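Next up is one chain by itself, shown in C-alpha cells, the form predicted alone.
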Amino acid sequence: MKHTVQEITDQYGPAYFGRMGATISHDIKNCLAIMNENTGLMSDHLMMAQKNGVPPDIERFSGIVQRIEKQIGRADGIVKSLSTFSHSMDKPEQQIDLDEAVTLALALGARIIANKGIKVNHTGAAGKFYVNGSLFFLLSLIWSILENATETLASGAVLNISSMKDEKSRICLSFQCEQPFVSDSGWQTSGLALDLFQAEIVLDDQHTRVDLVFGK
C-alpha cells in the first residue's frame, strides 16, 4: 500500500517535531537563563559601585557583556534552525542539499547527542549532492539513524558522518564509528520515509558503518 506524504506526516510527524521542539525550547531557555544571570550580576556590580562611590570595574563589565553577546548569538542560531525546521513541511517535494540537511539535523538534536557524551564529526562532500523529497522526512531519517547508531555507543565515542557516492554512483550518507552499533533490528523503523526517497539503509557486517543510500 502506497502512502502519501500527508498520511506519513500525520502518522509520524508529531513525534519527531515534538522531540525536536522540546530540545530546542530547552536550549533557548538555557540561553535566557545565562543572560538573566549575567544581567543580574551586572546589576549587582553597579549597585556596589554606587554604594561605595567608585566607578564600575570596566574589565569585569566587559567580560559580562561578552558572555551575554555570546548567548544572544547562540539563541539567534537556534531560532534560525527552528525557523528552517518549522518550514520543512511546506514542500512535500523539493531539491535538498544533503549536507545542509545533515547540518540542520545535527543542530536540532545537538543537546541530545551531547548529553550522551558522543562526538559527531560531519564531513561535507567536495561538491553538492542533492536529493528530491520532503526536507522534513529527510531530517527525520537522518535523526532516526543517529539515534539508532548512538543508542549503545559508550560516552566518548566518535561518530563520523560523510556524504559520498558509492560504487554504483548512488548518493550515500555514511555513518561510521570504531565501536559497533546496535544490532540491525531497529534500522527499518523509518521504512515509509525511506520509500519516499527511494532509499535504503545498509549496515555492514561489523556493525561499525551504516549507509543511507538514495536511488535503490
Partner chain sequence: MQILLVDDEKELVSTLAERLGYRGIDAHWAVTPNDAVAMLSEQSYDIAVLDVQMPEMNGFELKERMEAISPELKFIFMTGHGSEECYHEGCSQTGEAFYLVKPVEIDSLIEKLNQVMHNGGKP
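No experiment lies behind these values; they were computed from the predicted model shown. Positions refer to the first chain, counted from 1.
Below, we turn to the form predicted in complex with the partner chain, even though it does not appear here.
Contact with the partner chain in the model of the complex holds for none of 119, 165 and 170, as no heavy atom of theirs lies within 4.5 Å. Stretch-level contact analysis of 70 to 78, 129 to 137, 86 to 94, 101 to 109 against the partner chain in the model of the complex, using heavy atoms and a 4.5 Å limit, identifies 70 to 78. This chain is displayed alone, yet in the model of the complex one of 50, 152, 179, 36 has a heavy atom within 4.5 Å of the partner chain; that residue is 36.
By the criterion of a heavy atom within 4.5 Å, residue 123 is excluded from the residues contacting the partner chain in the model of the complex. Under a 4.5 angstroms non-hydrogen atom cutoff, the partner chain in the model of the complex has residue 30 among its neighbouring residues. The partner chain in the model of the complex comes within 4.5 Å of a heavy atom belonging to residue 40. By the criterion of a heavy atom within 4.5 Å, residue 44 is counted among the residues contacting the partner chain in the model of the complex.
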